[in-house]
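Next up is one chain by itself, shown in structure tokens, the form predicted alone.
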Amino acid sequence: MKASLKRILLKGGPFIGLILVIAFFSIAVPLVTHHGNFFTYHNFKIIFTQTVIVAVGALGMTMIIVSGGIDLSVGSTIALTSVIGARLLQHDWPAGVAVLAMVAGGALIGLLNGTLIAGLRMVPFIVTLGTLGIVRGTAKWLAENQTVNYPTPLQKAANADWHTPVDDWMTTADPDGMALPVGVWVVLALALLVALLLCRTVFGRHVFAIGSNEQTARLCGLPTVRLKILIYGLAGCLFGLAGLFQLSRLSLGDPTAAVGLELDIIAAVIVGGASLNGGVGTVLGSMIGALLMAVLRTGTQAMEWPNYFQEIIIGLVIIVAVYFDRLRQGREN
């Protein structure tokens, strides 16, 4: 019985944690504050909207962590790509071109990280810590150290009741209606694609093989250098898409945005059951982890707890998740 309970906790930890957190805030918020019931559809629609950016970033981070790597430059990449998109829209480039430029910008940063890590055999933590500063500085330089505003259709034609494709990603026409934001459906589609890529393709099996034992994978003939570069490049594309969502959410390019967002993204993947040692992780777990992060932040705000307390809670969640990962590895060994 004890072994079975331990197995359930290890395998279903993300789901159980999410349910417990929702149950806690559903009980505590009405008792402690005057905000009413926490467990409402409207409230969870807000939570789903707030999950989008972290969830897209977590999809890319899942591939990286499963392969045994890490990327600390995610927040800076999101900021830079949002500035790139804002700059293009500011100069009346088509929205489609801006989207492609943001994705391409994220991909180039990912390829740079992958080349330095795999090609020069450098430590991922150190490389991405360095590119974190380089990319953030580039974003500030490109934005001239200020926010980049661009004219929206509503500013061009005050009587028009429509938006550009970029402006519609994170919001709905009727905030009080039942429809979920477009971004939520895009994230679900991306999650399905990444899950199929990792679980149903040769490339996915190679990702897990590299993360489990890179030296063995190399001896088996896998092109580990090329695969790592590709992994970071694909993850960079997703980070560029996260920059698109960031731009849509703020309706401007902010070079100081997403500072520390890599903490939430990495936490979402680890809470979702991925191992920092590589070789273990699922897209579903990462999505549950991203949702858990959003519920924690929304719940603590509803409880009127200060921001610093939110950061303390997120840190504790990461420690607990790493501890569960250690228990899982100990049981497997």
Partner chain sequence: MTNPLTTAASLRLAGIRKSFGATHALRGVSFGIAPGEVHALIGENGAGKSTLMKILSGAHRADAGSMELAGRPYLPENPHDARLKGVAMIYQELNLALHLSAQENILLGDESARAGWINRAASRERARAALAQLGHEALDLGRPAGAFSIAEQQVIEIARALLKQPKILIMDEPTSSLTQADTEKLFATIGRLRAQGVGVIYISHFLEECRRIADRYTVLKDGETVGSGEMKGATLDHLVTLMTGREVKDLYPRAAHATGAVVLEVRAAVSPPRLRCATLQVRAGEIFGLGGLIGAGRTDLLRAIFSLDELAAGEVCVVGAPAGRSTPRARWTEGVGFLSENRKEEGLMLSQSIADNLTLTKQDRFGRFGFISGGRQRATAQRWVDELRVKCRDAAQPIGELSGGNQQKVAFARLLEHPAKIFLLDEPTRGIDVGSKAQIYQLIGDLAASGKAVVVVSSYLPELLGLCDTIGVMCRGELAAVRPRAEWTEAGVMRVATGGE
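Keep in mind the model is a prediction, meaning the values are calculated, not measured. Positions refer to the first chain, counted from 1.
Absent from the display: the form predicted in complex with its partner chain. The rest refers to it.
Residue contact check for Pro223: one or more of its heavy atoms lie within 4.5 Å of its partner chain in the predicted complex. Taking non-hydrogen atoms only, Asn149 never approaches its partner chain to within 4.5 angstroms in the predicted complex. Remark: Val184 does not count among the residues lining its partner chain in the predicted complex, judged by a heavy atom distance of 4.5 Å or less. Contact check for Leu261: no non-hydrogen atom falls within 4.5 Å of its partner chain in the predicted complex. Only one of the listed residues (Arg87, Lys140, Arg249, His206) places a non-hydrogen atom within 4.5 angstroms of its partner chain in the predicted complex, and that residue is His206. Shown without its partner, this chain lists Leu72, Leu108, Leu190, Ala217 as candidates; in the predicted complex, only Ala217 has a non-hydrogen atom within 4.5 angstroms of its partner chain. Of the stretches 241-249, 129-137, 100-108, 206-214, only 206-214 has residues with a heavy atom within 4.5 Å of its partner chain in the predicted complex.
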